[in-house]
Ligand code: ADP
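In the block that follows, a single chain appears as structure tokens, in the form predicted on its own.
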Amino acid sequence: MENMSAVISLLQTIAGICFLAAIGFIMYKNMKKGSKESVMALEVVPAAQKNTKLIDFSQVAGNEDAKNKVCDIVDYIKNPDKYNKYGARIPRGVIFYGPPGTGKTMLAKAVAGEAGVDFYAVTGSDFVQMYVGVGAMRIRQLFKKVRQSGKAVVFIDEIDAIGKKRSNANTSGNDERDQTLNALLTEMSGFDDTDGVVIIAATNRIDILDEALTRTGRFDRHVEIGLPNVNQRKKIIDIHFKGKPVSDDVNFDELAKQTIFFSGAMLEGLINEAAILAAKQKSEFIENKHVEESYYTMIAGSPADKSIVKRKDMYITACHEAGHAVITRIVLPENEISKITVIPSSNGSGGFVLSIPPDKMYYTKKDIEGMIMSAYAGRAAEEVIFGKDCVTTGAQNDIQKAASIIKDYIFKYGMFDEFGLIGSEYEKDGLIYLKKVSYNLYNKTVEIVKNNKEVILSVANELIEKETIYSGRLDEIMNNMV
């Protein structure tokens, strides 16, 4: 009896284990199925259903050339028969390329808004998955939904996530990306010329895209969306200040001149930050002081606690920044020296000189050399005033900046005669040429500093006293020392 009881107990235990295992297996299968389905799923909803308001070209400031290049595409979406009559094939795919924050997404929305059609927005990363076939499945899912809409604009941001140049390496990661890219190309080829569907892709690096994407019949129109010029910046500033309580002391024209190399997104951020500052201070209007504080914070970081700076360090900083300012005024006379300060900032810099270059398309060899010498001027001032063995670490960023410019000067622009017009970099000899240009221009900078040492010391002393001086005062000091 005891043996029988033991056998029954054992059988019950085994049955219980099998039952629990079965339940666990069923739960695992369901979870795996649900996980796979969730991975496969991609929310494909037009902008209108997301309550995303489309815009038109009038709300896109700047980039007039880019807008002109897509006007015919808007017309094609509205009136495809007009072009089919002549056998014209409007590009099915368009690539917007340029620096971040220049308005590529905004212009894509404007194309859909002008054409009055649905707008679908996705990113390349939506199709990058660890499971082979998921990206391709999502591509097909997207275009199935688009076909149901009829005429539409499909916007794929960060297209380089799936469209980078393919290598010869046959790895599983490449297999997945290749399948996704091939699915995209196949779906694009499946549209009829009369469908009125246009695919717009955006990238910051058009040079790394696969040729299969950029060839004729695919994304064969490439539209550069670059940084705005001074007039375009003025229009962007007008748009972002619209509806805000702005003081009369805010000069939009002057702000447009100061913000060279700012993208549209940076301008929006600057103005928004100024509005936040005004709100914090409970000001009636957004005043020029708020705009200036926002501007300098974006350039150099927020001011740090001055009490932590020793007197000796302050003097070194003053001489360093005075060197930058005076030498820049000499070697780059077209630049506006807007502000010189020894107030440390939260990004680690002891002070800075805000030098605004002219807004122009081309820079001469003399201009480029001036930029390099301007970068070296702080270190050169330290060497001349304190001695070669007493230079500091304060020139770290300046040296990196100068090295980057020198590299372009030699290899990209072909401005160094000893290297020639090769247009590429050779590892073997590259460092030798970099050192030659660096040595020559640094020594020139040191000589200019020696010839203007008294002016630099005068500017440094005023910086110690006032902490910040502006363009007009710098010119007064330099003119009085002549």
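Keep in mind that this is a model prediction, so the values were computed, not measured. The numbering used is simple: start at 1 and walk along the sequence shown.
One more form of this protein, predicted together with this ligand, exists but is not displayed; see below.
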Practice problem: May I ask whether R329, S355 and P358 each come within 4.5 Å of this ligand in the predicted bound form, counting any non-hydrogen atom? | Solution: no
Quiz item: According to a 4.5 angstroms non-hydrogen atom cut-off, is P80 in contact with this ligand in the predicted bound form?
Solution: no
Practice problem: May I ask you to check whether G351 falls inside a 4.5 Å heavy atom distance of this ligand in the predicted bound form? | Solution: no
Quiz item: Taking 4.5 angstroms as the cut-off for heavy atoms, does P100 touch this ligand in the predicted bound form?
Solution: yes
Practice problem: May I ask you to check whether T445 falls inside a 4.5 Å heavy atom distance of this ligand in the predicted bound form? | Solution: no
Self-check item: in the predicted bound form, the residue from H222, H240, R92, K164 that sits within 4.5 Å of this ligand by heavy atoms
Solution: H240
Quiz item: L54, A61, A66, L434: which sits within 4.5 Å of this ligand in the predicted bound form by any heavy atom?
Solution: A61
Quiz item: Which of 263-271, 111-119, 141-149, 374-382 has heavy atoms within 4.5 Å of this ligand in the predicted bound form?
Solution: 263-271
Quiz item: Using a 4.5 Å cut-off on heavy atoms, which residues of 104-119 contact this ligand in the predicted bound form?
Solution: K104, T105, M106
